[in-house]
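Given as structure tokens, the chain that follows is alone and in the form predicted on its own.
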Amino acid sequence: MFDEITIIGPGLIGASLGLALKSKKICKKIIGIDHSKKNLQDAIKVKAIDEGREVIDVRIQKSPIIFLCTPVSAINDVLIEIANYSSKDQIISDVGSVKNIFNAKVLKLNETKFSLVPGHPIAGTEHSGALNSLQTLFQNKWCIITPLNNKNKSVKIISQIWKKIGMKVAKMKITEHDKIMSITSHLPHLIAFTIVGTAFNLDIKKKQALINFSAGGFKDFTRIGSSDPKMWTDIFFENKAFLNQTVNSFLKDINKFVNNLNSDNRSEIYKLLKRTKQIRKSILKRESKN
């Protein structure tokens, strides 16, 4: 048990982490830091944190573990701010969906002003804010750790914390993580945000009908498309290189589908759909084993 853990940005992920840490009695006190006074009040209200602060200051020295749950575009600035008060024994881990984000200044500070362990718990909902936090959000989900130094004992400590709150932990290289996320997470969200806009830009007189009859796949897309726009704008730009590659591959496959459709090539479309169904089945089978 740690005496104190600080969570910077106790929104959906941060506050859910606070609830999970408390439920497993991993620390005695949880500090939440956020510019939003209301979100801090909400985090206290749901008992995700014990104390709220609006600034990073010398008090942060008391926390041996610090979790950064901010948008990815803010992580470097926050780390540099923490370095004004921190020591090399303090462990800092983030939860960002993109890992190739740390600038030269931050990397230079690592292991002199703090011990940085990049992480990504693959969990969340389309909602945001502390009021939507869930104690069980991380249960049986994967957390990917992308160590800057595999031999650092901090990696083991952060991995143990995620395991303790119910996550399965995997280690991965930063570039491998970002490429995989561009396919499994970032592209689906890009499609969801785009397709909802496409639907409501169509020349349909009764737009209300789109809402009335939104079901199945389209309803699922609107759920994903209602995710936090600030967070996803950051993610798209921070992982732009890999996302570009993935989108280009996707567009080639779309063009191939359209060509088969226009050529009345039913057998090729049938093969694609059948293969997709088999892949989906194998994913679910693997998931049940894990």
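These figures come from a predicted structure and were not determined experimentally. Note that residue numbering begins at 1 and tracks the sequence as displayed.
The same protein also exists as the form predicted in complex with a small molecule; that form is not shown, yet it is the one meant from here on.
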Exercise for the section: Can you work out whether the small molecule is within 4.5 angstroms of a heavy atom in all three of Ile13, Thr125 and Gly129 in the predicted bound form? Expected result: yes
Exercise for the section: Answer for Ser36 alone: is it within 4.5 Å of the small molecule in the predicted bound form, judged on heavy atom distances? Expected result: yes
Exercise for the section: Spell out, yes or no, whether the shortest heavy atom distance between Ile235 and the small molecule in the predicted bound form is within 4.5 Å. Expected result: yes
Problem - Close approach of Ser97 to the small molecule in the predicted bound form, 4.5 Å, heavy atom - result: yes
Practice task
Report whether the minimum heavy atom distance between Thr70 and the small molecule in the predicted bound form is within 4.5 Å.
Solution key: yes
Problem - Answer option from Val169, Leu148, Val196, Val78, heavy atom within 4.5 Å of the small molecule in the predicted bound form - result: Val78
Problem - Of Ala74, Leu134, Leu187, Ala83, the one that lies within 4.5 Å of the small molecule in the predicted bound form (heavy atoms) - result: Ala74
Practice task
Select, from the options 62 to 70, 244 to 252, 22 to 30, 259 to 267, the stretch whose residues sit within 4.5 angstroms of the small molecule in the predicted bound form by heavy atom distance.
Solution key: 62 to 70
